[in-house]
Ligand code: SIN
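Next up: just one chain, as structure tokens, the form predicted on its own.
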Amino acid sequence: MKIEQLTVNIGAQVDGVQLSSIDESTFEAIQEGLWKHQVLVFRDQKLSREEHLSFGRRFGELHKHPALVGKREHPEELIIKNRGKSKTVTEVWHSDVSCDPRPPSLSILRAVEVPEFGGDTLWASQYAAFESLSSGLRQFLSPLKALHENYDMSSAHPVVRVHPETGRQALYVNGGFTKHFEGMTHNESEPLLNYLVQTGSALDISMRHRWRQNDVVIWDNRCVMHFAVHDYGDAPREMRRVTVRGEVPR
């Protein structure tokens, strides 16, 4: 197995491994690579639904998407298809289902069908975002919590999150789910929230991935935001995502 770093702040590509058949030592190396690089790209992976779910379970209990519970046989698998530009919900910087009291720790996305061009996804390091802030702003943010809402769920999480594996601090607000700071109004919160999301999505702390069929990308929602670009019109695009249930953010 070979891990090749993609940018200074985030991302690596892993070659020489098939995720459907890895031993424990290889899995541990993948984990260590993920804690270090935050996003891992695997090309040419032919995973079935069960193999995808099984690989996710190696990291822990799978997260059931709140929009799918009671509606599908496999609520642990989210199927994302092109429903047109007007219905896309991915063109916002976000961390998956951060409104959950125990938001997903990891997301594992596989490309089933991709358009001829377009459809890239971007990820940004929230470690690097936090470290780019002034010491005064870091101190101001550290005791704060923010409210995350959607899917009839509402949870207050720390604005600065400590990663349980690395001990590093990361910004934990996003444009998709974070509504306001706890104890502050929406109007009071909006300018600073917008600034933090803008800082957290700067190009120099981001990576961009051009999808190919059978790609698999794993990322750590505890220290990463992402944004999927809808620039492929009505072309077919199908992605399947499995997420791992996380811990209560600290």
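All residue numbers are counted from 1 along the displayed sequence. Keep in mind it's a predicted model, so treat the numbers as computed, not measured.
What comes next is about the form predicted together with the ligand, which does not appear here.
Of the candidate stretches 129-137, 168-176, 93-101, 150-158, only 93-101 has residues with heavy atoms within 4.5 Å of the ligand in the predicted bound form. Within this chain, residue 109 lines the site of the ligand in the predicted bound form, having a heavy atom no more than 4.5 Å away. Within this chain, residue 10 is remote from the site of the ligand in the predicted bound form, having no heavy atom within 4.5 Å. In the predicted bound form, no heavy atom of residue 59 sits within 4.5 Å of the ligand. Taking the partner from elsewhere, residue 211 is found to have a heavy atom lying within 4.5 Å of the ligand in the predicted bound form. Every residue of the trio 219, 228 and 239 has some heavy atom no more than 4.5 Å from the ligand in the predicted bound form.
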